[in-house]
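Only one chain is included here, represented as structure tokens and corresponding to the form predicted alone.
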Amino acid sequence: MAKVDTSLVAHLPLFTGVKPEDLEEILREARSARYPKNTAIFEQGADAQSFFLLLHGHVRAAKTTPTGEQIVVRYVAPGETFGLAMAIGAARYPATAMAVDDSVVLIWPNSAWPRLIERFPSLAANTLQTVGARLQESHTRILEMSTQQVEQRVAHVLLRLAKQSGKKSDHGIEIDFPISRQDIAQMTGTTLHTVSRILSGWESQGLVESGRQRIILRDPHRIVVLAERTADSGPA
């Protein structure tokens, strides 16, 4: 692979506390790959042979239930790791990873993991921190699904995505990758019809602007109010 400039990745969470000379050695174990939009990087249930660091683009992790229902687990942004089955002792990938736009990743073989964490303990600590944060995120989403109305759940998802991958535009904060109303439905445990109704209502109120796989938060503050209101607090 072409040599990766360590200065471009040294600030990423995976490499916190790693010395420059150690980072070069870690990167020598990796290879780079490009995945065009809508290409699977790995499939749910496949043998977990590698782990990944996203350099460019965005990746959707989605899980198919035994009944055939698809659930969007999370979106991966540049600088984040994914496919960390080896860190939780899983032999197979628990979800499918799909490039939602043209993406570039670094790939390490899982066979290198024991050697890397033995030589560079901070790598293991950083990965454990990432796994812990995602577990907490999962717990938060389960709590939302159990206790919140659909409108609140949709608001929370939009705010999380804007925080993760939002960019300021003339009209507000745009979620900087292709995302459909169906994707949002699969993240919030509801139907496409319900999400479409909610977003159409918010558009008429000037809260959001949406198009084909594109969403802009025009009034983020009011969306925060919607997300945080309680069931007995009435309309925002």
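As the structure is a computational prediction, the values presented were derived from the model and not from experiment. Residue indices: 1-based, along the sequence shown.
The next section is about a form of this same protein that is not shown, the form predicted in complex with a further copy of the same chain.
Against a further copy of the same chain in the predicted complex, the set 4, 78 and 79 makes no contact: no member has a heavy atom within 4.5 Å. When you look in the predicted complex, the only residue of 45, 189, 178, 201 with a non-hydrogen atom within 4.5 Å of a further copy of the same chain is 189. Shown without its partner, this chain lists 117, 150, 107, 104 as candidates; in the predicted complex, only 117 has a non-hydrogen atom within 4.5 angstroms of a further copy of the same chain. With a 4.5 Å cutoff on heavy atoms, residue 63 counts as touching a further copy of the same chain in the predicted complex.
Although the partner is absent here, residue 139 is a contact residue: one of its heavy atoms lies within 4.5 angstroms of a further copy of the same chain in the predicted complex.
Contact check for residue 100: no non-hydrogen atom falls within 4.5 Å of a further copy of the same chain in the predicted complex. Interface residue remark: residue 134 is counted as part of the site for a further copy of the same chain in the predicted complex, having a heavy atom within 4.5 Å.
Looking at 76-90, the residues that come within 4.5 Å of a further copy of the same chain in the predicted complex, counting any heavy atom, are 86, 87, 88, 89, 90.
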